[in-house]
Structures are given as C-alpha cells and as structure tokens.
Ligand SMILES: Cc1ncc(COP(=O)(O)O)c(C=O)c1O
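Just the one chain here, the form predicted alone, laid out as structure tokens.
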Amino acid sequence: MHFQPFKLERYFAKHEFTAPYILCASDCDPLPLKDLLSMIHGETMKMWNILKLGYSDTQGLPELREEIAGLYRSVKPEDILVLAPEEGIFISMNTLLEKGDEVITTYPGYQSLYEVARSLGCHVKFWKPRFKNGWNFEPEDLEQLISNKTKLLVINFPNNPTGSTISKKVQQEIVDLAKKNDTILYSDEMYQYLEYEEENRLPSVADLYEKSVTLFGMSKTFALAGLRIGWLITKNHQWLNDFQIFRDYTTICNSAVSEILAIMGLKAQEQILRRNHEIIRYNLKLLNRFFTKYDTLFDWYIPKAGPIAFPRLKGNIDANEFCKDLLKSKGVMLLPPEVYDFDGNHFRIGFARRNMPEALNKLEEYIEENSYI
C-alpha cells in the first residue's frame, strides 16, 4: 500500500496554526468547552463528573450510540461504530475494497475518499459537477459512469469543496442506480444539518438503502472537531464486525472524555445548530456583498448548504498563485485548487468562523493594493 501525500492536510499542517486568518475552514467556529458544559445538566453532567479515564467500549459508549441513533429514522445503536471520521474512511475502505475493484466518487472531494481506494489498486472514476449558475452534480452524468462492475459509489452532500447539494429526488435516483447495479453506496454526510433551509435537508442514506455505509461526526456541524469523534453506520453487521476487527490495529477505542462531550453536543444540538446557522447566515450576507462588489474578478453563486464554497477567479490570474501570495502578504488562508488536484481556477472559501469579517477585510485590502480591478 502506497499513499500519495494528502495535499489538503499537508497544506493545513503547514499554515493553519500560523496564519492569522483562516478563510477556508470547513468546520463551524469551534465551541468553547465552557459553553458546551453550560448547556448540560442532570444525568449527563453526572456522567462527566464521575468519569474514569480508562479504556472505553470498542464499538463506542452505548449511551453515545443511543444518542447518535436518535438522529436517524431506522438506525439502531448496534448499527453504529464510533471512531474518528478519517479513521472511519480508512478502515471501511480497506475492509470493503480489493485490488481491481471499480470505485466512483464525487470530485473534487476530500482526498482520502478516493486515495485510499487508489492505494489498494482500485480503478477510480470521478463523478464531476457542472459549473453553471453554481455547481451541480447531474444524475445523467453518474448514469454514464456506473455499471454492474461498480463495487462502491462514494457521494458527499453537502459537498466539500463546492458547497453543492442535491434534491431528494436526485438522491433517490442515486440510491436507485446503486440498487440496480448492486453497488455499495458510501455516503459522506459530514455536513448534514448545515442546509440553510430545512426543505433542502436530505435524509440520511442510512435510512434509504440497506447496502450502504454512512459517515457523520461532531467535527463540522456540531463545531466540536477537537473531540475527534465520528461514526460509521451500516445495517450489514458482518461489515460492521469486519470494521471492528480492522480497528483493533488502529486506535482500538475512543477517548472516554471525548465520548461524554460528544453526548453533550448531541443533547445540545438545537442550541449548537442555531448558533452555527446564525454565524453562516451573517457571513453569507457579507460574502454576497463582497462578491457582488468584485464581480469582475470572481464567479460566485450562493450555495444552498454547508460552510464552504468553491468560487472561480476570473481572467488570467492563477488561483494557486493568488492564494499563496494572499497568504504571504496578508496572512489570509484560502485553499488553492492544487490541493484538490483540480485543474479549474477555483479556490475554497469558508464562512462559518466568527472572525470571517476581519479576514474578508484583509482580502479586500489585498485586492485593492494589487489593483486587481
């Protein structure tokens, strides 16, 4: 097994903790511990106070799995494996895939969603969106790619990095295509509940298709990335058992502290989601004014979901160089297209952090000082 460097993560590792302004973050503004603890009372706080710092249940604390199951219509605690989200991708793909398997994945996307498959010797094909009045993943394009040879179909909606989502009708078409071709449907749902309008919220694939694996967690939607808590869901208990056997060679179990804090986050989800949506709504208004002002420089379409978007830099200005020079000159971090191995002149911008207005002011300074308009 040989991996290509994870370009996005290497870029973040180099700059995330030194750049003053992270204008490309994909998580919501991290929730302070004191704020989370202030939301919780009763039995959960008692769990926190009597917690012993030993090993935890290898499948995930039963009380946590019970809380997670409450997010779904038909999922039971025994269908859930709690682990770090990235670990979930690595374990499940190593378990489900073999050399020579055909895999289709939404693209551009989070590199491990296709790189792990590549490292195993799988044949990977990309389902790419069309850029017209925003990013759109068209089911007819997927239909041209998928066949009964397709072992695994990986989808990610709301999508990283484009901010694109799909309708419930298109989601059902995807499920039907997977069923028709007896394909495992792997749904990365890390940005679920960050749809701006409730009518655009998709049901989980876990509730739609028996031959599926879904991924979700506390990092993005719940603003608790530091917990490193996520989960895999599958109703195929043989797969789930295989995931656990593989996991005995990775982390074995979760942090007991993080599991209790994750329960708190899930119990306080209404407060946390309200907070995060308020930040996103406010920042999107600012972004829309900014991109309207500089519409000769950028192609911008307001997404319908998520904390990130993938606008295009117009003209002859190279987006990779633009992002790097902006970082050097103003300390503002945008994600260049090269970290996604993407040929288009797009960059990732994030808008779920409270200090986004300051970062946007610095970006505007940079544009004015370099006479880009």
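Note that this is a predicted model, so its numbers are computed, not measured. In case it trips you up, residue 1 is the first one in the sequence shown, and so on.
One more form of this protein, predicted in complex with the named molecule, exists but is not displayed; see below.
With the cut-off set at 4.5 Å between non-hydrogen atoms, does P85 touch the named molecule in the predicted bound form?
Within the cut-off, so yes.
Quick one: is L215 in contact with the named molecule in the predicted bound form, heavy atoms, 4.5 Å cut-off?
Looking in the predicted bound form, residue contacts with the named molecule include L215, since a heavy atom lies within 4.5 Å.
Does the named molecule get within 4.5 angstroms of any non-hydrogen atom of L96 in the predicted bound form?
Result no; L96 lies far from the named molecule in the predicted bound form.
Flag E259 as yes or no: does it have a non-hydrogen atom within 4.5 angstroms of any non-hydrogen atom of the named molecule in the predicted bound form?
It does not: once the named molecule is placed as it appears in the predicted bound form, E259 has no heavy atom within 4.5 Å of it.
Quick check on this chain: which one of Y191, Y114, W231, F222 has a heavy atom within 4.5 Å of the named molecule in the predicted bound form?
By the 4.5 Å criterion, the partner-contacting residue is Y191.
Within 4.5 Å of the named molecule in the predicted bound form, heavy atoms considered, which of I89, A178, V154, I166?
Looking at the other structure, the residue within range turns out to be I89.
Which of these stretches, 249-257, 116-124, 155-163, 68-76, has heavy atoms within 4.5 Å of the named molecule in the predicted bound form?
Of the options given, it is 155-163.
Taking the named molecule as it sits in the predicted bound form, which residues of 12-30 have a non-hydrogen atom within 4.5 Å of it? Please list them.
The stretch 12-30, when checked against the named molecule in the predicted bound form, contributes only S26 at the 4.5 Å heavy-atom cut-off.
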